[in-house]
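In structure tokens, the next block holds one chain alone, the form predicted on its own.
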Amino acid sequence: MDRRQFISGVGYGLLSLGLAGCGLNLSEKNDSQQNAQNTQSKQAPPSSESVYARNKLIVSEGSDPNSLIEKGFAALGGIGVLVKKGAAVVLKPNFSVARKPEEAATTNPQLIAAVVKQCLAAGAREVKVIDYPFQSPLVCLTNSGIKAAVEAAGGKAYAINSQSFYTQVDTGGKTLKTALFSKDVLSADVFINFPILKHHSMTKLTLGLKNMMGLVWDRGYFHSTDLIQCIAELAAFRKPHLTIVDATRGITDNGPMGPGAIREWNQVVFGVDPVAVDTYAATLFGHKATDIEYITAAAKLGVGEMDLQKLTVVKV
């Protein structure tokens, strides 16, 4: 049985039970269908060409969160090149599960706090840190340490777990034609995708491209149609200005929920090209980009480059 047959045969049965790793239930789909007409429809503004070099990946190595972030932005050309005075910044980490930082299933809160500080120091008027967790939002925010770390750094951290946080957009895909997408991201001057590198039972890995699913209200649609293609088409619709992958440490099995065996890489990967960033991060896990279906699918849509030989990888 191939992946599509499996999904079409049992997908909705799993969804009704709350699909492990995605926290889905059929009410999400029904709510979005019933209320879409009450939500303003608009196309996302064009993702502005990044001020950083698209063919460059920065790999910051070490164990100190502040140093990792400072070195990464410095090698890119400085945070001030990206974040201008008065900018509204949105960070999208992964705090989808109620795990503590040491369990390595959510983005490191100290790394997030370091980025918040950098953005505010550059003159950002606000920095929002958002995700759509599939467990209790308050517990996820608290257990992950993200709420406390972000607020201490001067930012705002909250879950976008109500349909009021979304607006209907034309995504332009063949499978994903429309979606209820995050208003916060659509209105941001700077959007930074900030996943953790970890195992995922359905897609092998959670990386930047898959992390974007936390910006969509009806994730059930992804699983009931074609998960891989939907991830790729969502990536083509809205590219981050920057992707930062927390590859300091992550679970290598039982993902995405955990707990699982933990491996340390002590790296943080920065890049404009979301496909290239995911491709490099996958190699840390021992995978080729072609092993991760959604990376290949996104590359075919022109989202980014899979061939690391065509990129400049700078380690700092």
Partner chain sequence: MKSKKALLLRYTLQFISLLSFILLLAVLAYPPELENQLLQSFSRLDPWLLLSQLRWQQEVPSWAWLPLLTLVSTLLWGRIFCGWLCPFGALLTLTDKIGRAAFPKLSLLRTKVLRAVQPVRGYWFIFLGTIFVLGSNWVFFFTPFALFSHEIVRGLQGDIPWMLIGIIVGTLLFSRLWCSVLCPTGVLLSLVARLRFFRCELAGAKPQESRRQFFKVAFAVAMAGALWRKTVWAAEKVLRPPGALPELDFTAVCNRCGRCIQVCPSNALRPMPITEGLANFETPYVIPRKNRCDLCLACQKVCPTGAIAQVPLEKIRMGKAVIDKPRCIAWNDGKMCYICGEQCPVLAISADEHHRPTVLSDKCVGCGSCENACPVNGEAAIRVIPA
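All values reported here derive from a predicted model rather than from experimental measurement. Positions refer to the first chain, counted from 1.
Another form exists, predicted in complex with the partner chain; not displayed. Remarks below refer to it.
For residue 259, a non-hydrogen atom is located within 4.5 Å of the partner chain in the predicted bound form, even though that partner is not displayed. Using a 4.5 Å cutoff between non-hydrogen atoms, residue 227 counts as a contact of the partner chain in the predicted bound form.
Although the partner is absent here, residue 178 lies well away from the partner chain in the predicted bound form, with no heavy atom inside 4.5 Å.
Remark: residue 135 counts among the residues lining the partner chain in the predicted bound form, judged by a heavy atom distance of 4.5 Å or less. This chain lacks the partner; the member of 187, 110, 142, 163 within 4.5 angstroms of the partner chain in the predicted bound form by a non-hydrogen atom is 142. Interface residue among 67, 254, 266, 55, judged by heavy atoms within 4.5 Å of the partner chain in the predicted bound form: 254. Annotation: in the predicted bound form, residues 120, 123 and 128 none come within 4.5 Å of the partner chain through any heavy atom.
With the partner chain omitted here, the record of contacts in the predicted bound form names 218-226 of 82-90, 238-246, 163-171, 218-226, defined by a heavy atom within 4.5 Å. Although the partner chain is not shown here, in the predicted bound form the stretch 271-302 places heavy atoms of just one residue, 293, within 4.5 Å of it.
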